[in-house]
Ligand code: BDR
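Take a look at this one chain, the form predicted on its own, written out in structure tokens.
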Amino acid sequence: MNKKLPIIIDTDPGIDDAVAIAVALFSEKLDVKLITTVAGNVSLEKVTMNTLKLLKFWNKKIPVAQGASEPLIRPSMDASNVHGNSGMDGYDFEDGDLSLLLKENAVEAMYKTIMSCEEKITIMPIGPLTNIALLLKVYPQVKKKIEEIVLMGGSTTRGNKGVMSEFNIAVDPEAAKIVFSSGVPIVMAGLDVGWKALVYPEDSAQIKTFNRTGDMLYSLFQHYRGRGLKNGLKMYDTCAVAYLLKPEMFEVAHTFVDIELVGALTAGTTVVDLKGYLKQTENAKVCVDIDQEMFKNWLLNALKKCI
């Protein structure tokens, strides 16, 4: 039997985060060592409580560590207009198990987890990159023990927070710049694939019938305000775990990515140099397209494995 891939999930649940976490926790190919939380979709306190509620729902005993409550430099922003006031409006969860919450902060917990693991760990950030930037700056020695960072964030074209900026990067562009310039192998699954990774009403109705998880996600989907279910809900964060588990569904470009920090109209833009204009060394694999039918079939099958 193949060994499971050890991963750390850094997250800000968030409805699409909940889908990504479900797939990861019930995959026979992944070993989730730690979940860390970061302010993003809603506040740090709320995303941490949401993480603990999800783990209680699934009866999973994964350690959780709280991370950054705000970006490195910039004022906080959130996406409660999309995910609801709690971040996961639409389902009545039981209170989470506080015994899973570590005393260490996310940076310390990631450091200990990475350094104590016999093999290299993959980090999967599906929120703003504040925690990951802090980890790489405070403990640069972890770089040699990270297999890769597979993140949801960025865009090769337009944005969903600013005109040109994607939400996770726009929240903390300075953190994103630190991560992309770190030298650690990076996979960027951004808006280009997220816009095509859709759950339509007929898919949602199917998911509802699968199991408790399907029923819960169906309830969340009814409150997800990203253009509405009838247009297809975008499973942005699930693209990161999809890449880990079925990379063949993606078209990938090896290229140089940098983050715009000072543009008056474009701060937070991921500058993806697909044409090589900047003549810089490649630092990322960027997912530029996805097989939509393959993604849908894969997601439905993955969610069937949940409880």
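Keep in mind that this is a model prediction, so the values were computed, not measured. Start at 1 and count along the sequence shown; that's the residue number.
Not on display, but discussed next: the form predicted in complex with beta-D-ribofuranose (BDR).
J.: Report whether the minimum heavy atom distance between Thr156 and beta-D-ribofuranose (BDR) in the model of the complex is within 4.5 Å.
T.: Contact check for Thr156: no, nothing within 4.5 Å of beta-D-ribofuranose (BDR) in the model of the complex.
J.: Although the partner isn't part of this model, could you tell me whether Ile207 comes within 4.5 Å of beta-D-ribofuranose (BDR) in the model of the complex, counting any heavy atom of the residue?
T.: Residue-level check for Ile207: no, no contact with beta-D-ribofuranose (BDR).
J.: Consider Met152 of the chain shown here, and say whether it contacts beta-D-ribofuranose (BDR) in the model of the complex, taking contact as heavy atoms within 4.5 Å.
T.: Looking in the model of the complex, residue contacts with beta-D-ribofuranose (BDR) include Met152, since a heavy atom lies within 4.5 Å.
J.: Asn131 versus beta-D-ribofuranose (BDR), in the model of the complex: is there a non-hydrogen atom within 4.5 Å?
T.: So Asn131 does not count as contacting beta-D-ribofuranose (BDR).
J.: Choose one stretch from 176 to 184, 109 to 117, 142 to 150, 77 to 85: the one whose residues place a heavy atom within 4.5 angstroms of beta-D-ribofuranose (BDR) in the model of the complex.
T.: Contact criterion met by 77 to 85 only.
J.: Given that beta-D-ribofuranose (BDR) is left out here, which of Val199, Ile121, Leu136, Leu191 has a heavy atom within 4.5 Å of it in the model of the complex?
T.: Selected residue: Leu191.
J.: From the list Thr270, Asn50, Thr37, Asn41, which entry has a heavy atom within 4.5 Å of beta-D-ribofuranose (BDR) in the model of the complex?
T.: Looking at the other structure, the residue within range turns out to be Asn41.
J.: Taking beta-D-ribofuranose (BDR) in the model of the complex, which residues of 153 to 180 have any heavy atom within 4.5 Å of it?
T.: Residues within 4.5 Å: Asn160, Glu166, Phe167, Asn168.
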